[in-house]
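Next up: just one chain, as structure tokens, the form predicted on its own.
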């Protein structure tokens, strides 16, 4: 196993979150590519775990000032992922790849002058487990539902990160169903939700108002306090794991049927 910086030869795998085999990735649009290009000159770092010449694990992190949480002088891990499916390169988990990726990222962040590392994790035993980060020396800062914000300070004067707080919800529009999709672009799962919601909204013509809120713009993110999310008539839709196109369509249809004719 080798840990390398992302290069041109592995870009396609990176944009597919190492799941080149997945048809779901055909539904994500070009949002990840746009986010990557935007963040390249803002300090985005991506490392890959290579085994048998194939990209089997990845970590992406960047200065926290350009991330989806608040903080300063830290690097924030948007995600770390080791391929765990039978398809494609197969299950490569439980081999130390995640730990090797994290250690390489921490060393890189220290070299670049960071005062610590931050990450988010889930307290349920799914992807990005908070318990795994704690085993790697991270400490919980805050909790929001099933998600935890964690960090590992590198020096005594490091300041802990903080969640971005939601400041407002989209409001309803009289006579229409309002579908509001927030999108930052960094997560292909959320990009998939956005594209499915957009396509489902178009099914109902002018009875549905589809609204895209691009939080790649930091001012917009600060205005709303929501990086990625889906709202139908002001009510947030659970998007983890991503709901199917059919499920989103049914939720919108339910609201359309309640419109006054």
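Numbering follows the first chain given and starts at 1. None of the values given here were measured: they were computed from a predicted structure.
The same protein has a further form, the form predicted together with a small molecule, not shown here; the description that follows concerns it.
- Between the options 137, 90, 160, 96, the residue in contact with the small molecule in the model of the complex by a heavy atom within 4.5 angstroms is 96.
- The listed set 147, 79, 141, 173 contains one residue whose heavy atoms approach the small molecule in the model of the complex to within 4.5 Å, identified as 79.
- Shown alone, this chain has one stretch from 150 to 158, 176 to 184, 68 to 76, 120 to 128 that lies within 4.5 Å of the small molecule in the model of the complex by heavy atoms: 120 to 128.
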